[in-house]
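Coming up is one lone chain in structure tokens, specifically the form predicted on its own.
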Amino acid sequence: MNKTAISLLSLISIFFSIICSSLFADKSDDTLVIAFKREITNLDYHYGTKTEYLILADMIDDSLFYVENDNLSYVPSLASDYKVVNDVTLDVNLKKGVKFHDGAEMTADDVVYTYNFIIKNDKNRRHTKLASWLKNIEKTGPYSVRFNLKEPYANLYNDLYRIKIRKNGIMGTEGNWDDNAQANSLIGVGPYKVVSFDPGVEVVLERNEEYFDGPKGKPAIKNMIVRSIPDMGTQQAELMSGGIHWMYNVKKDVGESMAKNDRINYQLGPSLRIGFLVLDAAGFTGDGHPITDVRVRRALNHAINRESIAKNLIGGPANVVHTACNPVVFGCFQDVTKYEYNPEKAIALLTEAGYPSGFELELWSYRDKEAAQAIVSDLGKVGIKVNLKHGKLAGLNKARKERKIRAYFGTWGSSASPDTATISNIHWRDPSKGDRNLSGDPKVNELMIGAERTLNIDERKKLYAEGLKLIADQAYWVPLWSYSEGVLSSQDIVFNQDADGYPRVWGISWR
């Protein structure tokens, strides 16, 4: 069969897929269809790290705590209330009458089992973080538990939100864990139940009519289908035809083009994600490189027209950021050295540092190629000749681990985690904890990581303020911009973006 015939068959296949989807999923049968670009291959969030896995988990699972969308604060969910006994002890009471999807009531036994499973089984993705601070958990009553911490840990509410409660015994027993027990059919306590799952294709969900009265609210739509559609063009075609009702991670130009159709709604809202350059100030890649000179690093900060890139390429509410965190989250101190766009000042600093003609720099990146190219262009205008190595994140991670990266363009999403503690993990100097810290400055580690190790709010703010001032003054980073989150949806539904950009799709209703 020739290529033309194959191409024609592919188009016909897509066409009939769209038509079939349109026939079986719409407002008339109370079925909402949403699309993810990345595949869902495992229903159990404890074995996934993608944002899509978290979104799905929040539909079918629940946790002791939840991130409330109005003011981005952690509130009890499966917990009814809690008490901080001291810096290393947290008591949590559970809501009574919460039922798993199979009808069994959730009790303290399920919570204790879940946390023991996470800290004793190193194959799940939540293990390392949880085991780093949780000494143990104990049952204190039929509906109450106590968390005993190894040391004070201010970001524990975020971690408690990430752990989804499993039924006692469902993942096996210690020494005989079954990591696939909930991979293809999951029994949770969330607002939706899993009806069927075709890995990498779709998840079919049905509203949990016995869902407890929690901060998520009870879903308005009865049925939901989550489809994996890697090609954004196919997603757009399906949205136009009615095959899907919602898609996200939409680029600005695509969203603006699609919004010309009066059947489509386009929103470009805020996001907790920020972009930044991390610079090898420590000289891990070799002694004597210009980037180890603070004047050179400051020149890079002045050379990039961040405002123009944020406005024209990112769009929406994207703004220049001056700190190594998103300004809307807790602890993101803003009174730091700010570097305005000033190419002349950049050239003067380079000349002062002994590089009047600039120098060569290898810059790694893995996303937003247009923005990366704009950075390259701006740096070129002050004499810095950049070799852009744009590729897969895995390649960048490997090179960074091997200390082969002088500068990289990275982003940090902090999905539904409104605390500087989330991004501060970048600043670990201990290689076993991470390799993103290229400053080589032990004080940065002491301040930024130290803020996680106290529950005193005023002390945390103080430590973050000192750490962020130090990072800015020494120009260890080039903070770039906050991101926007683009969403396309059918005019048949009501979906409003929240302040953190995290799509709480279980709150969608029909118009």
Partner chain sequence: MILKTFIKRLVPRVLEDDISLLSPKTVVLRKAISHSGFKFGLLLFISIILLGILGPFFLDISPYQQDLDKRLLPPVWIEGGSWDHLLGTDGNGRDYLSRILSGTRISLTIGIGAALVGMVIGVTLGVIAGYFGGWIDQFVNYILTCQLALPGLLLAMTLVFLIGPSIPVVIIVIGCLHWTLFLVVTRSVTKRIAKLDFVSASNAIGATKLQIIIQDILPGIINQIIVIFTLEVGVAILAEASLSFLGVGIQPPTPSWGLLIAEGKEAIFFQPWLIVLPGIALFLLVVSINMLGDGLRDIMDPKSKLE
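Because the structure is a prediction, the values reported are computed rather than measured. Numbering follows the first chain given and starts at 1.
The form predicted in complex with its partner chain exists for this protein as well; it is not shown, and the discussion that follows is about that form.
Screening 109, 335, 370, 206 for any heavy atom within 4.5 Å of its partner chain in the model of the complex leaves a single hit, 370. Among the residues 308, 223, 185, 342, the one placing a heavy atom within 4.5 Å of its partner chain in the model of the complex is 308. The candidate stretches are 98-106, 67-75, 228-236, 353-361, and the one lying within 4.5 Å of its partner chain in the model of the complex by heavy atoms is 228-236.
In the model of the complex, every residue of the candidate spot (240, 374 and 377) has a heavy atom lying within 4.5 Å of its partner chain. Among heavy atoms of residue 395, some come within 4.5 Å of its partner chain in the model of the complex. When its partner chain is considered in the model of the complex, residue 253 lines it closely, a heavy atom lying within 4.5 Å. Although the partner is absent here, residue 278 is not a contact residue: none of its heavy atoms lies within 4.5 angstroms of its partner chain in the model of the complex. Using a 4.5 angstroms threshold between heavy atoms, residue 385 stays clear of its partner chain in the model of the complex.
Annotation for 254-282: interface residues with its partner chain in the model of the complex are 254, 257, 258 [heavy atom within 4.5 Å].
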